[in-house]
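In the structure tokens that follow, a single protein chain appears in two forms: structure 1, then structure 2.
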Structure 1
């Protein structure tokens, strides 16, 4: 369950932002999680709940923006969204594809009460 260590890293980002903006209470974290990032959103939520319970961020909400894994084939030019992990273009089978989204894993925004 690498989601626990990922969530710890996210909270270090939050710590820095809270200090920089002198926020008193964290309300929400908005995170982008791509389907190709190998992070399971439900496990990330569970790790978040465990880590914030009893701490300075207790009561904060983790809002996950689920980003589909999408690409474009260099051979036939077709844009597509992967429904499952695959290596090639679903239209022509070419392995020459560019991944356009779905590998993201980032804290996009924080909602802080001053």
Structure 2
């Protein structure tokens, strides 16, 4: 359960971005969370609710962009999602697969009221 410390780190990133917009009210945080990133969106939301209560971001909404773990076969080029790739490419059987998305963990954008 590391979502609490991940959320603290996320809020430090937000602090940094909000410095240039002092006096504005934070409305929304848009975060990219890949399914292979080890972060459970529900736990991150719960941590967020706890951490923003009583602080400057109280009332702000956390919008999580849930990104599937997806890859592409290097041999035949077929794209697929996590569940299909356990034993290699479902089309040609190759084990040579690139994970293309699903490991993201970042703050993409903020919405503020100024």
Partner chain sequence: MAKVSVQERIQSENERVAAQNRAAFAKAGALVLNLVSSPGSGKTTLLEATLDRLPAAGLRSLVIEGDVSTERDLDRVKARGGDGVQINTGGGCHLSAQMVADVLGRLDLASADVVFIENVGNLICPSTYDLGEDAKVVLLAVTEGDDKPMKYPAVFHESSLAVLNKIDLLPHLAYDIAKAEREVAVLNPRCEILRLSALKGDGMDRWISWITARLAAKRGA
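By rigid core we mean the largest C-alpha set that fits within 1.5 Å across both forms. The structure presented is a predicted model; accordingly, all values stated were derived computationally and were not measured. Positions refer to the first chain, counted from 1.
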| query | finding |
| --- | --- |
| Structure number of the form predicted together with its partner chain | 2 |
| CA of residue 101, rigid core aligned, shift of 2 Å or more between structure 1 and structure 2 | no |
